[in-house]
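To begin, one chain is listed below as structure tokens, in the form predicted on its own.
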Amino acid sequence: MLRDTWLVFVRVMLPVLRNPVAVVFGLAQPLLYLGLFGPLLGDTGWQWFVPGLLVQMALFGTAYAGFSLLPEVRTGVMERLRVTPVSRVALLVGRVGKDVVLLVVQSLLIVLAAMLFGFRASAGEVLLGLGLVALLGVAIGSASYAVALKVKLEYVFASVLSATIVPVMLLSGVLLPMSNGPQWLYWLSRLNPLAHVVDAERSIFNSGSAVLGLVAASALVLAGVCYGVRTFHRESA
């Protein structure tokens, strides 16, 4: 399975390396947030804003990963892969691995850019923060590919994303602290696992405890990977 995973990873990574336009454009929106929204928070706001921005990158960067699978489903590439002895788990994990590598690279570049604006972080904090972002990317990316494989149509997949990603993001406290809202909204946000991941990411860069967020991220990884593997097995049967 490891060999198959590596082969799938190389297969989906090579087009990105040959034409890294998507990577560059993936940095455009976070950089706009840094340059146009971050300064509104003041000098002390960077420690709160940048960790949330990293989680937002993980959310949007990997949630839309399933779109890359749909052309392969439509043109029959996935059908041809099903008759090969390649591991069904590798078909998922190799793709998710590519997305996580790109996410970590982009997140690191955003952290370095944020330091120019006044964001402060030690090497250990950066490593822990990127690790948490990577976990979230694995969870969301696995679920994204599974949903794409089930719906098989771009317009249906887009509708599913728009109905789920925006509410989840708004209830996570990425952009605004949920504690500033009414109590019912705050407690509703506590039911959102992503909110705990956001809190943990901020705690990492502010010398706080990230245990609850790590637990939430691990639970999301377990749920996302299990759902993804099960879907790839069933749809490839």
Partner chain sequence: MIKARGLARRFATKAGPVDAVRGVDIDVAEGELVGFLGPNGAGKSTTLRMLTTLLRPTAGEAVIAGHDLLSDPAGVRRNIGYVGQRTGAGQDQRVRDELEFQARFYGLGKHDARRRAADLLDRFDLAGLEERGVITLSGGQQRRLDIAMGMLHDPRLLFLDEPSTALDPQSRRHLWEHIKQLRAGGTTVFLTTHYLDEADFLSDRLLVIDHGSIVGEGSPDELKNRVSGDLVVLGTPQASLVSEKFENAVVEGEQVSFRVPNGDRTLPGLLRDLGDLGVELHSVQVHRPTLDDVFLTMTGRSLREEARAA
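Treat the numbers as computed from the prediction; the structure is a model and nothing was measured. Residue numbers count along the first chain shown, from 1.
Keep in mind that the form predicted in complex with its partner chain is missing from the display, and what follows is about it.
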Q: Using a 4.5 Å heavy atom cut-off, state whether Glu72 contacts its partner chain in the model of the complex.
A: yes
Q: Could you confirm whether Pro20 comes within 4.5 Å of its partner chain in the model of the complex, counting heavy atoms only?
A: no
Q) Is there a heavy atom of Gly76 no more than 4.5 Å from a heavy atom of its partner chain in the model of the complex? A) yes
Q) Quick one: is Arg230 in contact with its partner chain in the model of the complex, heavy atoms, 4.5 Å cut-off? A) no
Q. Counting only heavy atoms and a 4.5 Å cutoff, which of 80 to 88, 138 to 146, 107 to 115, 161 to 169 contacts its partner chain in the model of the complex?
A. 80 to 88
Q. Can you pick the one in Cys226, Val24, Ala219, Val10 that has a heavy atom within 4.5 Å of its partner chain in the model of the complex?
A. Val10
